[in-house]
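Just one chain is shown here, as structure tokens, and it is the form predicted on its own.
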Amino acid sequence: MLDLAVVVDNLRFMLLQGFLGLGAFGGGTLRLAIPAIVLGFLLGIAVGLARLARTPWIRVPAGAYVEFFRGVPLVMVIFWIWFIIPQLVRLPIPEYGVALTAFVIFEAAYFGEIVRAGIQSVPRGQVEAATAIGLTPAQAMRHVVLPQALRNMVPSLVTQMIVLFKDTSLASIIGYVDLTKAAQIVNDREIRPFELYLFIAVVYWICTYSMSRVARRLERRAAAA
């Protein structure tokens, strides 16, 4: 029989500690997801621009970076950073640092491809017109190409952000106390997996659905503009 009392009794711990990261464990889904999205997108912009560079020594490494990280599972990247990097630098890395680093470098490959495709979707005539009025290539990219490309990228960017947000649950495999790990901790004591995992599924759905709604609103505004 469904018993939601276990959710109510542990709601404070799961939401404040597991979701927001306000607690002794230093975890939190939002505390991981938001910086990972921002930093991953910024690195993705650099990767996407590098993929379009005319110079081979910039373009080729960027392409290899994208193909490599798009070809391996995220969980493997997390394990590599968790086990290998501390041995190389001879310093311990906390769970938050491991998870954030893994998500940023992994998701930047996907963001980079979105940026590259978005830039290439801008008609070539726009660049030629910007050059004709005296803009430098950098100015044309900043003032003409990127604003149009960003509008084209919105659906793909939001989709990837939603994927990243859900993938933060993988950080629990190294002990990072996100929402999923918080539910696991409670379940180890209460042994009520159905109620607890149903609750976190609802939380994830609410967040991702809200992100989708925001994306649709941004698309409509962009189309009107």
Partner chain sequence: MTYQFQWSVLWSGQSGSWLLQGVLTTLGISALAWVLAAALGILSGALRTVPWRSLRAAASFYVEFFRNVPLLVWMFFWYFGVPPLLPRPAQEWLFNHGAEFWAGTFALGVYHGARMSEVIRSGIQSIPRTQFEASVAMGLTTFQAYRLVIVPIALRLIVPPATNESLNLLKNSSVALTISVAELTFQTRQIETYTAKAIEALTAGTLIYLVLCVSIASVMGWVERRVRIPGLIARGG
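Not measured: the values here are computed from a predicted model. Residue numbers count along the first chain shown, from 1.
Another form exists, predicted together with the partner chain; not displayed. Remarks below refer to it.
Although the partner is absent here, K166 lies within 4.5 Å of the partner chain in the model of the complex, judged by heavy atoms.
The shortest heavy atom separation between R70 and the partner chain in the model of the complex is within 4.5 Å.
In the model of the complex, the partner chain sits within 4.5 Å of a heavy atom belonging to I84.
Put simply, Y110 is close to the partner chain in the model of the complex: some heavy atom of it is within 4.5 Å. Note on the partner interface in the model of the complex: the residue among A117, V75, I93, L150 having a heavy atom within 4.5 angstroms of the partner chain is V75. Between the partner chain and the residues L32, L170, A50, L157, the one pair within 4.5 Å by heavy atoms in the model of the complex involves L170.
Looking at the partner chain in the model of the complex, residues W80, I162 and L198 each place a heavy atom within 4.5 Å of it.
In sequence order, P193, F194, Y197, L198, I200, A201, V202, Y204, W205, T208, Y209, R216 are the residues of 191-217 having a heavy atom within 4.5 Å of the partner chain in the model of the complex; the partner itself is omitted from this view.
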